[in-house]
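What follows is a single chain, given as structure tokens, in the form predicted on its own.
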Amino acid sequence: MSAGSNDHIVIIGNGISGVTLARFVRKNSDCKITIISSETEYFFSRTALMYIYMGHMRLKDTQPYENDFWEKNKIDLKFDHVTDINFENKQLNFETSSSMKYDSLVLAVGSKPNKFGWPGQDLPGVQGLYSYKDLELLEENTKNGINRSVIIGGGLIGIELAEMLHTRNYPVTFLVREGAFWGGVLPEPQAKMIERHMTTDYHIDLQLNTELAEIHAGSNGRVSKITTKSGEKIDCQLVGLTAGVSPNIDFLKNTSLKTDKGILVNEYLETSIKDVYAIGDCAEFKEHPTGRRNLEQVWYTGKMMGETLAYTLTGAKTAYKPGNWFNSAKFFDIEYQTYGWVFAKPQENESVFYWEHPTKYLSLYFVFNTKTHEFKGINTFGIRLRHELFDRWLTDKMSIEYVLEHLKDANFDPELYSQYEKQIVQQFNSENNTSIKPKKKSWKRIFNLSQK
């Protein structure tokens, strides 16, 4: 469907996916647009939630647009909760007993923290960290101070919560069921480097190969301790459930909309019902158009989905093609980037090259094809790299030798930072009996990305 001036596009969810969609539709159409949210009235940067708790920002500082932006751009906002969707009549029903008609409906309803049926998981003082309401709950749960918190599940959200609590001097115990931190994602040497940083520099009580068995209530009905599967008891006043997230689609389970883990969509982000679409964390591809994971729950893919669907809704039907995988995060003081596919363990016909600074938290983990030497991906910790260059090198299937030869071009660290390309290449040469010579940085190569 191409939105005309009399059509009404309704978007449920005001995260990065829904807001990007609304902005790009407005650029190409004068149709009516409504964004619905029951989380916050205005869009905010979800990745900045932790900085509110840490005192670095206020909620309004995380809002990229002034409050009058929406009226100026003729985008209506409705702060309410959708309780029911009548797909046959194209009608939404709200908690306030009001209703709304739509011509096109976009579900951008995000995720919710996973729960795995642990006894006591719904006790007061037990929570996840995904939404602004979770942040408000964290303030409530720690307002009187706590003696210890326990975080369940290693990963990006868990380490963010650990850092947040550490800034208020609350001791943290971190339970990770794998034998290494974020062991399903990070290669072991980089996981171990992050573990050293957490435990040595921040005194996090990291317990690997440890699983939660039960959460116990105290006499006041709130969480008072947890028990691990090995029988250890840990006293605590807060439990953070950060063992991943899942699509927030419980309210759709008994409808005619086809779902699995998420809302099933095709490459055009169309669902099983005409004029209904899904984007962002809640969208699950029946078959991913580029062979990636069927669920992509990261900020930048949500943004891409919103932009892609906007083209379709305004007359230029466009398939979702996100290109090369990338992501970034921060582990306390260490910045992390990944480009291409880097798995915890090398896949068939893959070789790796790992460099780590002997005294600093800096490391690079390269993956390349064993036979052809085609560069497949990289993890970097503590060294900033240029996204545009690595995206080009991956697309053009450059060799690992080429990447190392031109590694200086990719360095994006601030001026006067130490650079280590020479040491990195020397180690590769030594391990692989090669004679690569790193080229000097060339701004011509950097800005003319197609030049080989």
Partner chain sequence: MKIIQSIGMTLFLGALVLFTSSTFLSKVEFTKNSVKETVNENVYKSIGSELSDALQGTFSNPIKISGLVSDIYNKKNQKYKEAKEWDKVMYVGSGQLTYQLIKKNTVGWFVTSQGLLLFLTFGLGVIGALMYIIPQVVTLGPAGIKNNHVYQNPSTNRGWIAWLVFVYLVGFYVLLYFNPQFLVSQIQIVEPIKEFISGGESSQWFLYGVLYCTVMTVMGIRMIIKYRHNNYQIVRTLSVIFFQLIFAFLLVEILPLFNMPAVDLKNAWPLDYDFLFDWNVKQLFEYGNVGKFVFFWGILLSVIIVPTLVYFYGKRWYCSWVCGCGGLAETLGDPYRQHSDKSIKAWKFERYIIHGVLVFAIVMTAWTGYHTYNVLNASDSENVKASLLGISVFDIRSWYGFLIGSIFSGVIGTGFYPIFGNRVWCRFGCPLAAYMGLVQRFKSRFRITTNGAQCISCGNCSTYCEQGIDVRAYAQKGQNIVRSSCVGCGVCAAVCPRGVLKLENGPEEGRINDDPIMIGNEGVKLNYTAIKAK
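As the structure is a prediction and not an experimental result, all values here were calculated from the model. Residue numbers count along the first chain shown, from 1.
FYI, the form predicted in complex with the partner chain isn't displayed, but the following is about it.
Problem - Listed residue (R222, K258, K74, K330) with a non-hydrogen atom within 4.5 angstroms of the partner chain in the model of the complex - result: Looking at the other structure, the residue within range turns out to be K330.
Practice task
Indicate whether Y42 is a 4.5 Å heavy atom neighbour of the partner chain in the model of the complex.
Solution key: Outside the cut-off, so no.
Problem - the partner chain contact at K422 in the model of the complex, heavy atom, 4.5 Å - result: Output for K422 is no: heavy atoms all beyond 4.5 Å of the partner chain.
Exercise for the section: State yes or no: in the model of the complex, is some non-hydrogen atom of Y51 no more than 4.5 angstroms from a non-hydrogen atom of the partner chain? Expected result: Yes, contact at 4.5 Å.
Practice task
Would you check, heavy atoms only and a 4.5 Å threshold, whether M398 touches the partner chain in the model of the complex?
Solution key: Although the partner chain is absent here, M398 would stay clear of it in the model of the complex, with no heavy atoms inside 4.5 Å.
Problem - Partner-proximal stretch of 102 to 110, 316 to 324, 120 to 128, 243 to 251 relative to the partner chain in the model of the complex, 4.5 angstroms, heavy atom - result: Comparing against the partner chain in the model of the complex, the contact stretch is 316 to 324.
Problem - Triplet E348, N432 and K437 all within 4.5 Å of the partner chain in the model of the complex via a heavy atom - result: The answer is no: none of the three residues contacts the partner (heavy atom, 4.5 Å cut-off).
Practice task
Counting only non-hydrogen atoms and a 4.5 Å cut-off, give the residues of 176 to 205 close to the partner chain in the model of the complex.
Solution key: Heavy-atom contacts to the partner chain in the model of the complex: D201, Y202.
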